[in-house]
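In the block that follows, a single chain appears as structure tokens, in the form predicted on its own.
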């Protein structure tokens, strides 16, 4: 027996947190009975989400995308905007982005149907590092850089200490290029941190996530993760690594 949200996540329908919301909203049934939060089931039972039977868990797949601007980091959009899934038309599995990059931010985004890995990488306790290259207006003073490093007071709390260094100064445009590494996931965090010390962000790109980078992946393109990278991410997420083999983009666990 497993918790319902875990089974829904493993089937690639939604993240575990989103699955919990579906259960709270009465959208999930087990053998025809509306499920409650905390309910458990097994794969032999008939589990339905919005009246549709839960499919058997798909083989897990893992991809690294170099997201361009102009795409939103969701599986679908009710307003008809372009989503990151439009950039992976050949992928047949139902995959979801691990975290989000806003519409105007480009760079590294992981996508998978492995709900356990997704939840592990996004859990605050794991403190998974993400690195960004940001071009901001003006020249930052030492005290402003130190504030970014120590923690910035935002509406939703003070940010955790960050790693910050100046990469370049564009005298013609009057802009500074920064490298900023954080391990939190506050909404639009890097942009808000820079704005809080008086410098608007002109461009933002995520260059690393959990130790992976964009080497060899052009803007708008993607690649499957290697078996070694998947095993490494499992370690980062604090999950047990099982034996298995990779077939195409799919990681088949044994």
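Everything numeric here is computed off the predicted structure, so don't read it as measured data. Residue numbers count along the first chain shown, from 1.
There is also a form predicted in complex with ligand URA; it is not shown, and the following applies to it.
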Heavy atom distance at most 4.5 Å to ligand URA in the predicted complex, all of 87, 111 and 222: no
Ligand URA contact in the predicted complex: residue 204, any heavy atom under 4.5 Å: yes
Exercise: residue 28 in contact with ligand URA in the predicted complex, heavy atom 4.5 Å: no
Partner proximity in the predicted complex: residue 147 to ligand URA, non-hydrogen atom cutoff 4.5 Å: no
Residue 65 within 4.5 Å of ligand URA in the predicted complex, heavy atoms: no
Residue among 101, 140, 121, 180 with a heavy atom within 4.5 Å of ligand URA in the predicted complex: 101
Options 45-53, 186-194, 225-233, 212-220; stretch whose heavy atom lies within 4.5 Å of ligand URA in the predicted complex: 186-194
Neighbours of ligand URA in the predicted complex among 116-134 [non-hydrogen atom within 4.5 angstroms]: 132
